[in-house]
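Just one chain is shown here, as structure tokens, and it is the form predicted alone.
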Amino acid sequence: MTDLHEGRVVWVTGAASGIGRATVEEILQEGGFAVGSDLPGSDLSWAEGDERIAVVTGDVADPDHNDAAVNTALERFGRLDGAVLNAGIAGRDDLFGESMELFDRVQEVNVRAVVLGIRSVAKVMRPGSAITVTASTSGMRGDPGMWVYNTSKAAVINLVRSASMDLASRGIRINAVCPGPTETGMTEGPYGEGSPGYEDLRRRMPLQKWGRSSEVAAAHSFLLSTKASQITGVHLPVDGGMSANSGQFTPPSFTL
């Protein structure tokens, strides 16, 4: 513990599990307070009884939920210093299919909700505050069969760049964190540890290991902190070096 967030209050969306939960835990470990939000019915029982955490449930695509989370921070802790707009959903669909329903829902959660979150927090944040957004290395390049998700995360990266221009005059910074393959609930199933998909992705990363939620949370924590006071509008890959590779060749295996 370094007291990186001593006395600071941070709202984290998608906080029930994975990167969101890990980020809340990181903020608390660094001396801060948190508002954790997720969908109704999500398991937030791990936060019960901890006076440093306030819990709010709702859909991030609903403007009222975003305002409710911000108001909870103000009513419970008296301030809001940071926001981690982390909630998101994946989606695969046939590019040549007839329905746009999945595409619309993924953009609603992964892009529109980020705009709503930015608008809600910017109303109350003071100079020196910061916002981070969970994007993805899939927003930096294309992936087969993932055009829906890739489009949403590419939009988020450029949204962060553009929003940094408008937020700077308010003294608010905003940055994106771009996880590569990371062990979360979203990546279980076909990409469970030991599966062919898991091993294939692992070998594509120069560090040859999947990321952990805590490692992504550490990047969010740093970018939110005053240690990153000169950093805004960036997208930081946390991907074991995967995005550094041109993709033409598989990185060499470890020889240790």
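What you see is a predicted model; the values in this text were computed from it and never measured. Residue positions are given as counts along the sequence shown, with the first one as 1.
A second form of this protein, the form predicted in complex with a small molecule, is not displayed here; the remarks below concern that form.
Proximity to the small molecule in the model of the complex, defined as a heavy atom within 4.5 Å, holds among 39, 207, 68, 231 only for 39. With the partner left out here, the small molecule still marks one of 158-166, 103-111, 117-125, 69-77 in the model of the complex; by a 4.5 Å heavy atom cut-off that stretch is 103-111. When the small molecule is considered in the model of the complex, residue 18 lines it closely, a heavy atom lying within 4.5 Å. Taking non-hydrogen atoms only, residue 34 never approaches the small molecule to within 4.5 angstroms in the model of the complex. Although the partner is absent here, residue 153 sits close enough that one of its heavy atoms falls within 4.5 Å of the small molecule in the model of the complex. The small molecule in the model of the complex is approached by residue 14, whose closest heavy atom lies within 4.5 angstroms of it.
Across the proposed site, 86, 136 and 182 without exception bring a heavy atom within 4.5 Å of the small molecule in the model of the complex.
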